[in-house]
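Here you get one chain, nothing else, as structure tokens; it is the form predicted on its own.
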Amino acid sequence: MSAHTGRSSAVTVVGLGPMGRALAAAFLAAGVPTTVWNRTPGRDADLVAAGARAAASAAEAVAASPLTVVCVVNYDASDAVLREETVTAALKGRTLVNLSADTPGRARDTAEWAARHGVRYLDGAIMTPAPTIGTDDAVFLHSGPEELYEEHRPVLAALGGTHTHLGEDPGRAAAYDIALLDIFWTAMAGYVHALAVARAEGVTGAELAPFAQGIAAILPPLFTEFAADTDAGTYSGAINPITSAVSTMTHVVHAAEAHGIDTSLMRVIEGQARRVVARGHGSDGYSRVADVITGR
């Protein structure tokens, strides 16, 4: 069994926050010999008890395995570890999979750094929370050399769930990650604002939640429709023209402001929609906003 392709191939996990510990635990559960290291000591006790090897330094950790998976808060944190001279030297000729979250530009910069130093590099993103790791619900995105991804896919599969290779561009996984996080955080911002407005009107969160889930159920087909509209530049407003959408946005603003609730986010959303109307696209759908915010 190849040292690079077999399920028994050794792996190092750098970064032992909640996600890093979940990654290491999944490798261990799958029988993969696992070395762990964290800048702040003391987070590896349960992993060592489960069979992990604790490295005394980051350089020792990456030298222990043909494959290193790093998962820290961002690329500032990963750079602080990986670009230290002894660590970089130890990584030469080995594979690094960076599952830290950051921008596509930072991913490409790291890939260029890796190439200059003889490090085989894959970038990636984890799209589900730590408790899903090692289960069928985990979702991983990868980008970089496809041959390198295929080489290590059997070991990465120990992390569970689905693994999708998105292309050779090392920034592509991060691009998906950023776009999907954009959906998540703007949705969460809208929901907590709705909870505040509902509470001001005497509606509890528990009372609102079932109906909020109904709103959420409307979204999946709209995601597909808006994607098609944006790709094709059609922006159909046959069912709900943006002039009608602006009216409902204004109602939200007025109701919230009547209770002294901050409406800065909804004011931005309303303003973008009004700019579409001002440009003569009032009969188009809300997806036309994509053109306005990109300056088209």
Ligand code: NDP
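As the structure is a prediction and not an experimental result, all values here were calculated from the model. Numbering starts at 1 and follows the sequence shown.
The protein also exists as the form predicted together with this ligand; that form is not presented, and the subsequent description refers to it.
Site check G190, Q213 and L265: each within 4.5 Å of this ligand in the predicted complex by heavy atom
None of them does, since no heavy atom lies within 4.5 Å of the partner.
With this ligand left out of view, which of A138, L156, V72, A114 would have a heavy atom within 4.5 Å of it in the predicted complex?
Flagged contact: V72.
Of A80, A89, L222, A179, which one comes within 4.5 Å of this ligand in the predicted complex, counting heavy atoms only?
Exactly one listed residue reaches within 4.5 Å, namely A80.
4.5 angstroms heavy atom contact with this ligand in the predicted complex for L122:
Although this ligand is absent here, L122 would stay clear of it in the predicted complex, with no heavy atoms inside 4.5 Å.
Do P129 and this ligand come within 4.5 Å of each other in the predicted complex, heavy atoms counted?
Judged by the heavy-atom cut-off of 4.5 Å, P129 is in contact with this ligand in the predicted complex.
Hey, in the predicted complex, is L16 touching this ligand, heavy atoms inside 4.5 Å?
Contact with this ligand, yes.
How about A101: is it within 4.5 Å of this ligand in the predicted complex, going by heavy atoms?
Result yes; A101 sits at the interface with this ligand in the predicted complex.
Tell me, please, which stretch of 35-43, 61-69, 224-232, 243-251 lies within 4.5 angstroms of this ligand in the predicted complex when heavy atoms are compared?
Careful reading of the contacts points to 35-43.
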